[in-house]
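Both blocks below hold the same protein chain, though in two forms, and each is given as structure tokens: structure 1 and structure 2.
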Structure 1
């Protein structure tokens, strides 16, 4: 035990050091790892039924998870304990010596990796950019966040995230919004059926014949079609019943005093600091088959802020990095008149840390192996 205690200004460090040393013990890791492995197994098998995104949220991105009737620490809790254990080990108990160089480097690398993970979890924003050929776009739509949006011309008056929506949710009229809106029915994933006669009162086309029903969430999160049936109460008391959902080609428009208010369900949109226009999307097939061998989008980036404009090609496995954003070729749609390219746009301040960590960890492990092998050889030579 170090003799920090001898100097009085350092006396504060004694309990800290002792605490740190306790936290640095390897038995914590020993008991932690089986929990991590168990969570990993359960969380992976669960993906078969609830899908990747839901499993991620439930098991790996949470602090506590209920596995059946049993409460179990979630991914964040386990990672948290792991990080503290490793940090303490590194700070309090890792003497630099040539013999231990390899292990210390590896531990160091893992800390950087986990730190990168934390940065990513906190700062990463993912979304997609849909661009029809010959057009441009500078708004990224979120993959998962959906909002109920009321717009007048181009101005967004109300945007409610889907987590807050439920049956009976009320939006009150304001200076800008001349009517009250009540959500009668909210479904995270809606199935459309024909509206029976007895429920058609008060509805106009298309809601008169179309009804939204709550359906089970699809394991593939992007496939969930969120929708609402709502009532609008105008200033004179008339009640209008309408419905809208994600991807509805003709969202309802309420006209009051000559202004049109459009009500939609849409993925949360974020602007990016430049616009991307698609010149050409090409899909190359393996000859004589319907299997794609490559996708590429020829685009032009226009950055008005910096007065820069340049062409680029985004292909599978070859993204474009510009101004902290990375654009990937993720999907496409060739079913319509024009081809559409779908690019994934990721902003992640922690993206460099895994690379740094990988190098450090690999270096550490290799050095450790070399030292071990050299020691073995020395021992064998000495024995001879």
Structure 2
């Protein structure tokens, strides 16, 4: 302890410098690239069977991937190591002089760009707002996350993320939930067929004639129809067979002691810090066709927290950005009595970094060019 107190700051800095120099060595990138290429190949192939979003989450948006029984570093781990390697090379291997200012700025811009990519992978969220004309909404439905939900009236009793669901998954009865529920069949993407007569015992309509079958995941995750066939065991031992799936218009209701319990597959919802009201939806068609050439939504944003309210128009390729969220006009529904607009809502805390990195890199290249021109002019003058 006495010797520790007598050590100079320089003696403490030397091990840090050695460690940083080791992390800055190019052999780290040399060994990292094969892992990156392997992960890219496996993740790309997996998209065919598990879908684009699931493959991105499993291989590129995770820290660790299990390929069979073998643990493999995920995309976030590999990009994190790459970022540390770049950062250490920048700090410990750069030629810190005014003559290299342009090069230093350009390298720093690349680091900012990689850091922004990691930030986007870790923090980005995407969902959609469905708003009928004349109404408002402040809850975003997730494109990808789905839950098995049991509710009594408006009270949610159970919400199980679909990633946890599997054949045989059990939900035990509680003080609020008066029955046990067992998932007999789970499919991330379900195909519906007619139930054979020999399998209809114990089922009521519509499950008596409707059967869920496991199908390949669609590459566009929002098109996957997640569903479950399940059994409910009441206190008296009665077994009820039911099914439900994402978007099912008549989800099953279990009645116990005068209370109704609705069981649904729902897309996960999360609130946004303001509400969006649809005043008017407009669609323009290509002449002589029913194909939309353009569509837009006139909305009103009401932010009670900040006491702000303002009108806006969201059109194709003209989004609205407010409070860290970007709202895009993505689709619509004109099949009902009133038009519905569908707005994609994206939250991306790393959105600013590509712009910032581009500015830094461009500034570095300009400074590097100016220094080169000035040095060339000096050499020419000296030669004269």
Partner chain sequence: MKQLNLIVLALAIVAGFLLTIWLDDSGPPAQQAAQQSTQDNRAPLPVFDITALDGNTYKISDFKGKIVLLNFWASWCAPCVVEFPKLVELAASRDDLILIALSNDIDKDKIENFLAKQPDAIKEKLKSSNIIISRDEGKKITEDLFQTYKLPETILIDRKGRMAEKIVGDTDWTGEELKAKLSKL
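Rigid core: the largest C-alpha set superposing within 1.5 Å between the two forms. What you are looking at is a predicted structure, and each value in this text was computed from that prediction instead of being measured. Residue numbers count along the first chain shown, from 1.
By the stated condition, namely the form predicted together with the partner chain, the first structure is the one that fits. Relative to the superposed core, residue 291 shifts its CA atom by 2 Å or more between structures 1 and 2. Relative to the superposed core, residue 172 undergoes a Cα shift smaller than 2 Å between structures 1 and 2. With the core held fixed, residue 183 shows a CA shift below 2 Å between structures 1 and 2. Once the core of the two forms is superposed, the Cα of residue 39 has moved 6.4 Å between structures 1 and 2.
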